[in-house]
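One chain comes next, on its own, written as structure tokens: the form predicted on its own.
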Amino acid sequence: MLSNLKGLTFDDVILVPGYNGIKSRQNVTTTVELLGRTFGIPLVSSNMDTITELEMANAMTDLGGMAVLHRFLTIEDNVKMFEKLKNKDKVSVSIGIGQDGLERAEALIAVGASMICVDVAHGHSKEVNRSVKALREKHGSNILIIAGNVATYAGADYLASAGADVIKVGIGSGSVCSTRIKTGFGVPQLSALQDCRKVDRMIISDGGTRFPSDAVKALAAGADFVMLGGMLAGTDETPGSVIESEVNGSKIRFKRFRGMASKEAQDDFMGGMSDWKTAEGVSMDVVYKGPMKKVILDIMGGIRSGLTYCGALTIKDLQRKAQFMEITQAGRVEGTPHGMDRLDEPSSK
């Protein structure tokens, strides 16, 4: 059966400018309140093994954001890493499903973890529901539960009903995710956010963010936070060393970035790729970017400016006032720097 729904992602739309009565973009507020926790910026570092470990978590929380530690290490090492954090109340830990996931959660809660991210590729599942319920029944309101990933209202509502406080939205939209080309399933990220925001829970947009404008659109579409993976890849604070190699006669510095469902990650953490499954992620080298603070400041500059183009003082104002317009491919190209294409054309006088 063919659905009549149209799936839209960030490149398919533009935000329409509105009246602005704000004196300066410095006057807007990007703070997010999350069940007693205050975050100065609505950004989250992704729980990928090439993105968030101790250094990234400390850097992101120092800047006012949230960090989510990955779960691809032993429980003992996971506990040791968490204990070294500077801002423990702003960092979530990740767990999988089943007994191992619950054991990891208990070990981390015992040393002070209060945000738990139940994180699998397809969160609209019975096992995720069971894990969320088990944590909620045992710990009540003493912990904050993030759960995902989902891409539909039904999926978000299912996890909310199980006891999740925050829903992580995004299937197949990540920069190193190949789920859609391997399985044919997914929902374009903008449409996924607009559907999931109907559930009375806070939302993390996970995937599809390549430019600061995508973060603005994600927030306008209903996200409370935007999770960053590819945009932070290659920065100083990501795990792994800088690799130098020669490309076309020039020395270029790289860092490794990979999806957690890639063959390389499966080889490292799961003992190899089983015959009955396929990789749903890729591994790549990304150009070294330097300090992650530069990336964050650029994104936040775009968000603050975006708020003023909408005449919004807060993210909630943005969501209330935002008007999306669907655009053509020509309209999208028009909105990118394109003057260089005409350098060889004769000037008109």
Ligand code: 5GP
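This one's a predicted model, so the numbers in the text were calculated from it and none came from an experiment. Residue numbers here begin at 1 and follow the sequence given.
Just so you know, the form predicted in complex with guanosine-5'-monophosphate (5GP) exists too; it's not on screen, but the next bit is about it.
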Val79 versus guanosine-5'-monophosphate (5GP), in the model of the complex: is there a non-hydrogen atom within 4.5 Å?
no
Does any heavy atom of Gly230 come within 4.5 Å of a heavy atom of guanosine-5'-monophosphate (5GP) in the model of the complex?
yes
Please check if Cys177 has a heavy atom lying within 4.5 Å of any heavy atom of guanosine-5'-monophosphate (5GP) in the model of the complex.
yes
Contact between Ser46 and guanosine-5'-monophosphate (5GP) in the model of the complex at 4.5 Å, heavy atoms?
yes
Which one of Ser92, Ser173, Thr238, Ser131 is close to guanosine-5'-monophosphate (5GP) in the model of the complex, taking close to mean a heavy atom within 4.5 Å?
Ser173
Between the options Ser213, Ser191, Ser114, Ser262, which residue brings a heavy atom to within 4.5 Å of guanosine-5'-monophosphate (5GP) in the model of the complex?
Ser262
If contact means any heavy atom within 4.5 Å, which of 152-160, 248-256, 84-92, 177-185 contacts guanosine-5'-monophosphate (5GP) in the model of the complex?
177-185
Residues in 196-225 that come within 4.5 Å of guanosine-5'-monophosphate (5GP) in the model of the complex by at least one heavy atom, in order, are Asp206, Gly207, Gly208, Thr209
